[in-house]
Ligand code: 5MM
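Next comes just one chain, in structure tokens: the form predicted alone.
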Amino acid sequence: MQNTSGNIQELAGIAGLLVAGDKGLLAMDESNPTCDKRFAALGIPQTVEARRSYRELIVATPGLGESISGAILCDETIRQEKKDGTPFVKALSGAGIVPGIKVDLGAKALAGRPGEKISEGLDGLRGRLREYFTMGARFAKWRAVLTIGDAIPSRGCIEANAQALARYAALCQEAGLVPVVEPEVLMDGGHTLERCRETTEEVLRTVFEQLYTQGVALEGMLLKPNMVVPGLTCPVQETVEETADATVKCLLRAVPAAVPGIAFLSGGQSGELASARLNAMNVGFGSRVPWALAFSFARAIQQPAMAIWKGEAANVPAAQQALYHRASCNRAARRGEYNASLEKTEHRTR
């Protein structure tokens, strides 16, 4: 094992803090092109200042730390400041939110594997992690993307992405950062719930085999997987309870008990559906699984706020209230107390 026991203890403490109680992670690490695309759809200028203003709206939301334990930033955002000159990292820490950083450089076409992708960014990663640590980041995220289709994902794609995730995780722990390992089996397509379950289990088994091979301390990491759900265009869409049942049973077969927490990605689900599915998992299994069942949502928390904001300073308070509301709904889902009535009464910011 490459980590010292003291380092592992520190990493385990941070990992535990990120999934403690009823909180979860906020992913605000969209790449600039992705953020600009969402801005364009709402008529918001696609500029550095617009992105900075939007992220200040998030960071400065009153009471956000009640529901959010950590925030994942991108390279641009971790270097930015509020209008008053306060670095975002300092503002988050002051609100009791641990700053994190996305470090993969995006999914690119995998050579010789049509329709499949590999995430890049390992070259020079050791130096980047060292810099992010000095800037105040205490955890990092790397996303791998796997598509379900005819004869895919292939073993070659699964193994290549699992190895990259494991090498990234080992480098993170060496640098004193908790790795958030994100192997995302995409919702796109017409595959069934059962096909998603089989694929997700194979991917997770392979990822943990590689994490073990690379000497990653499981107690000092978090897993950020997809929920097991049918493809978006599948004619059969199972109930919230059925997807929750399939998801947790899949995880029980593939995720070691040493992992402190599972923080689900939303993957394009609506905010309400993501909350309802997380709630069903905690109601049905919360007290019977070895890891915390938490969240690490992006659009499922952010989208309503962005749509209200529209780039206008006058809309900031209403947008922040929407953000606070969605974060609070997911906090309730962690406790198994989320229901549709919460959507009818907006949580007020404090």
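The numbering used is simple: start at 1 and walk along the sequence shown. On a predicted model such as this, the values are computed, not experimentally measured, just so you know.
Keep in mind that the form predicted together with the ligand is missing from the display, and what follows is about it.
This chain is displayed without the ligand, yet in the predicted bound form the stretch 26-34 from 26-34, 278-286, 315-323, 40-48 comes within 4.5 Å of it by heavy atoms.
Shown without its partner, this chain lists L265, A175, L204, A246 as candidates; in the predicted bound form, only L265 has a non-hydrogen atom within 4.5 angstroms of the ligand.
Relative to the ligand in the predicted bound form, residues K102, E182 and A298 are all within 4.5 Å by at least one heavy atom.
Although the partner is absent here, R197 is not a contact residue: none of its heavy atoms lies within 4.5 angstroms of the ligand in the predicted bound form.
Although the partner is absent here, R143 is a contact residue: one of its heavy atoms lies within 4.5 angstroms of the ligand in the predicted bound form.
Although the partner is absent here, K224 is a contact residue: one of its heavy atoms lies within 4.5 angstroms of the ligand in the predicted bound form.
Contacts of stretch 194-218 with the ligand in the predicted bound form, defined by any heavy atom lying within 4.5 Å, are made by none of its residues.
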